[in-house]
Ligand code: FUB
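Below you will find one chain, with nothing else, as structure tokens; this is the form predicted on its own, and questions on how it binds or moves follow later.
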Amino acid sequence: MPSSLPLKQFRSVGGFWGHYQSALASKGLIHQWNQIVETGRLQNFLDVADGKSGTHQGYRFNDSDVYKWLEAAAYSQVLNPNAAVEAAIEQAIQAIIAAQAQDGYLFTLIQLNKPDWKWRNLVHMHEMYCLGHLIEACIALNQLGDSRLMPVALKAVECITNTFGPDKRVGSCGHPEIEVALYRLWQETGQKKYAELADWMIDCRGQRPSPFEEEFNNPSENCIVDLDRCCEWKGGKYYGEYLQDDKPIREQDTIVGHSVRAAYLYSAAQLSAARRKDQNLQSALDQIWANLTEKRMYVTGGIGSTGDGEGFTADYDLPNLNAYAETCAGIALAMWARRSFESNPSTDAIDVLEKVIFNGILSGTSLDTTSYFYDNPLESRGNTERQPWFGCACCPPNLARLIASITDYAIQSDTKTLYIGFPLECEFMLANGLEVSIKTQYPHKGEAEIKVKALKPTRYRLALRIPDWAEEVTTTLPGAQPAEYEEGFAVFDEVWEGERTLAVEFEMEPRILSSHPKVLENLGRVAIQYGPTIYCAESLSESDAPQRINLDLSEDIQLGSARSKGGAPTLEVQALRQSDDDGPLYEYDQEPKIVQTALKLIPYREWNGSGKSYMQVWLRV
């Protein structure tokens, strides 16, 4: 199976993603760390180490923000070292080591405020969720040469297995994440017991009796929070769908409940199905994936249409103005898509991965990576704006770790093949000694040059994904046979000698998208896509709001100029706009006043760059 290349094999990342990574290293990570310090997230660890009690600040799951930030910072330091980030990493490492209990337990809310409540409230406390993010941060540091936190990760897992597992107490976390972390720990250490623990947790999900339901049946002993405000508790009964706990995964065929929890869980289940060659589990995941991508996913790749429970409602229920589409949910979907591809290398999963990364995820951050969207609506009426931080700040550090590790999502390899999911300007070396450099302005332009340098003759396959949006693709590799096409990839099976360059051009023309007629909000509307990028119309004033616009598609959509050097081009389309009128609120037999106008479209990920605005993705025709 293919897997991502170790980040230390990369020499550089430039172009589109180089901008984001540079901004993250110089601004975003420092901005986030300052918020972590100012909001008491770091102080919670320091207070535990100092033996204090009753001083916990913030939400119960705030430890995870420190861990996600630490993972992102570790990745960032490889290609974009920053002394201030290095100093903050050191602070975080020392605080984490000092706060861990002798038995490996680490969860600052319980340690400070509720020492008798360890493992008593799996539904809400997020203990294992936070430890999962801790493990992933420890692995990131270990892979890059700093092993100081690996004993912390191993002790944390030992603390879990002293209580939970086969022939012990049944239970996992109400918010999945520990499962993915355990698989990564298995891959890092080679110890199969970690993967087997994750397999067991996945198999227990949805079984009856449910340990989560048991907690609700004994609220005086197990519930710290108000049951009437719990998304898991409806009509006086436990609501298993919210936690993907209504039935075993192998019996599920529809995506339900909390969107982030769902995609994290299914990412892990995908790893489990591949490891165990479990066809029943894989079949269920395929059905859930189909339900999501064919009936419950936004055109931006966003998932989770409602803020009520931060999750899914019904098929084709995809409102635009009130779309939730949490940034973390998009990141979780990208994780699931990546794991699906690595288990079964075809382009279907990468098509979804690319859509959500370039649209529904990157919309969650400003270009300088210092302000953020929690939810990502597809329409705004001047009431939405990115924020520098949130009380529940899961999204900013999650964005940081994805941006810093974007190579994991773009490029994978195995012993026979290098897979390029989407062109990423970079230089790296493969384990077999081949040196690869990619030059591209993707996603702004569809061309890329992939140079392969071999110090000795080396046979290896290069597989280049053909995007679903590209109607024509041209590839040129001098001296090679025409590409073979496998599962959506153009494959060159070559003996590489010296330096050779593969030139590729994906035809990029503005394309018009319509949605299924059951998506009632989009009837009579279209969206515009250019390459992998979804576009939108935006205005700072109500008088020019895109809600007043009808596109005139009798003329071709034209490419405009880039808004900044090296940036994405705008698109220009003719439109009809209803003009202002000082007349009465309602009037009989009055024809609306229509004026012809040229409408400029911008990438959806870049909207709100100048503050609150009027915006629409789906435009009337």
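Quick note: we count residues from 1 along the sequence shown, nothing fancier. Fair warning: this is a prediction, and the values are worked out from it, not measured in the lab.
Missing here is the form predicted together with the named molecule; even so, the following discussion is about that form.
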query	finding
Candidate spot 19, 75 and 409, all three touching the named molecule in the predicted complex (heavy atom, 4.5 Å)	no
The single option of 316, 164, 374, 238 touching the named molecule in the predicted complex, heavy atom within 4.5 Å	374
Candidate from 274, 292, 101, 394 lying within 4.5 Å of the named molecule in the predicted complex - any heavy atom	394
Non-hydrogen atom contact residue 258 with the named molecule in the predicted complex at 4.5 angstroms	yes
Any non-hydrogen atom of residue 339 within 4.5 angstroms of the named molecule in the predicted complex	no
Contact test in the predicted complex: residue 71 vs the named molecule, heavy atoms, 4.5 Å	no
4.5 Å heavy atom contact, residue 538 and the named molecule in the predicted complex	no
Stretch from 348-356, 438-446, 386-394, 208-216 whose residues place a heavy atom within 4.5 Å of the named molecule in the predicted complex	386-394
Residues within 4.5 Å of the named molecule in the predicted complex, restricted to 48-70 and counted by heavy atom	61
